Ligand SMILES: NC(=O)c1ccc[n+]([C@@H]2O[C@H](COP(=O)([O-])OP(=O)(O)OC[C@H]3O[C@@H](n4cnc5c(N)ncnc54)[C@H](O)[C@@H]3O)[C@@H](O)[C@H]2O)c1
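Only one chain is given next, in structure tokens, and it is the form predicted on its own.
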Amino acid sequence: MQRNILVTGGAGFIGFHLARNLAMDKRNRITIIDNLARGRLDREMNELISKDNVSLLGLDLKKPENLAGIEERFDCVFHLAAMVGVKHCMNRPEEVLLTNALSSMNMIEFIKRSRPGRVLFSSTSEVYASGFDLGIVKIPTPEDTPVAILDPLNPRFSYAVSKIFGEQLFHFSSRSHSFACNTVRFHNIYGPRMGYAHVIPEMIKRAKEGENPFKIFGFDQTRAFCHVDDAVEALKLVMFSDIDGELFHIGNDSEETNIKDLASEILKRVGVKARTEDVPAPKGSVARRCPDISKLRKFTGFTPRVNLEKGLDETCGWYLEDLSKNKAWE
């Protein structure tokens, strides 16, 4: 089946892996929109956009006029573009809010005009961050868990607020204007090409640089990590179905891992023997995160296939090679 597919944020982490996977089917025609604020036009990206069925539009979605000239009708729209990262939230919360809100608002106007067949909005497990402090979040966490912002003046929550806004905007717009739309909340997706401002690549970088003692921030916390290949498969299952108006968690509920154990596995793969130093997690960081993905299983049959051992092997190998050739990037 031939599909005309739009991926916003397709030069970013998950977007790149999704676009590359979709492009493997020559019947798919992939259009990527990305302003390259975080993505890189490196060898991998250039290989992707050199394919006959892939094109890149370097557009800033905050500006509605940038979408005005696109006349194509897309069968599917994956809206993954967003400004993300704790560093950005803490230092530039206003920009995070404006970038993500305006991008979503302009995409909705584009969708209303172009009438795509199906739409997917990407959200985040960060919407539950305050709920842990309030004691309303269960582990594993189901989709019907209330979302809350405990301290609206804490800049860390700017990303979560922008995503809560986007979820409501896409859901109610899809009901008002009759287009099929689902929302997914990503839970700790990892893998090659995610930049260095995340726990796994950040640890790899510090280990490679020989940090000793090796600091383990949030040593007593746990996370359930999901490899990006599994996340891409889940995205496709949700999109290429007749599901409409649903919210799904995308993650891996089978391997909740202690951060101290994670550090040990990374040090082993980097080949470093160092003393470790346990350091408390930054303020606002949740103690545990593990999604309930039973709803995704029920609706799509999704099962994570990449275990943490295999995923860390691949991810560490990719980052060690990248560090040998390039500077660290966000």
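The model shown is predicted, which means the values in this text are computed figures rather than measured ones. Throughout, we count residues from 1 along the sequence that is shown.
Below, we refer to the form predicted in complex with this ligand, which is not included among the displayed structures.
Remark: none of the three candidate residues (Ser173, Phe179 and Met239) comes within 4.5 Å of this ligand in the model of the complex, counting heavy atoms only. Comment: 55-63 is the region of 262-270, 275-283, 55-63, 300-308 lying near this ligand in the model of the complex, near meaning a non-hydrogen atom within 4.5 Å. Residue contact with this ligand in the model of the complex: Ala19 places no heavy atom within 4.5 Å of it. Put simply, Phe248 is far from this ligand in the model of the complex: not one heavy atom of it is within 4.5 Å.
Put simply, Lys163 is close to this ligand in the model of the complex: some heavy atom of it is within 4.5 Å. In the model of the complex, none of the heavy atoms of Arg29 sits within 4.5 Å of a heavy atom of this ligand.
Checked against this ligand in the model of the complex, the candidates Thr99, Ser130, Thr183, Thr257 yield a single residue with a heavy atom inside 4.5 Å, and that residue is Thr99. Ser103 is the sole member of Ser158, Thr141, Asn252, Ser103 with a non-hydrogen atom within 4.5 Å of this ligand in the model of the complex. Using a 4.5 Å cut-off on any heavy atom, the residues of 181-210 that reach this ligand in the model of the complex are, in sequence order, Phe186, Asn188, Ile189.
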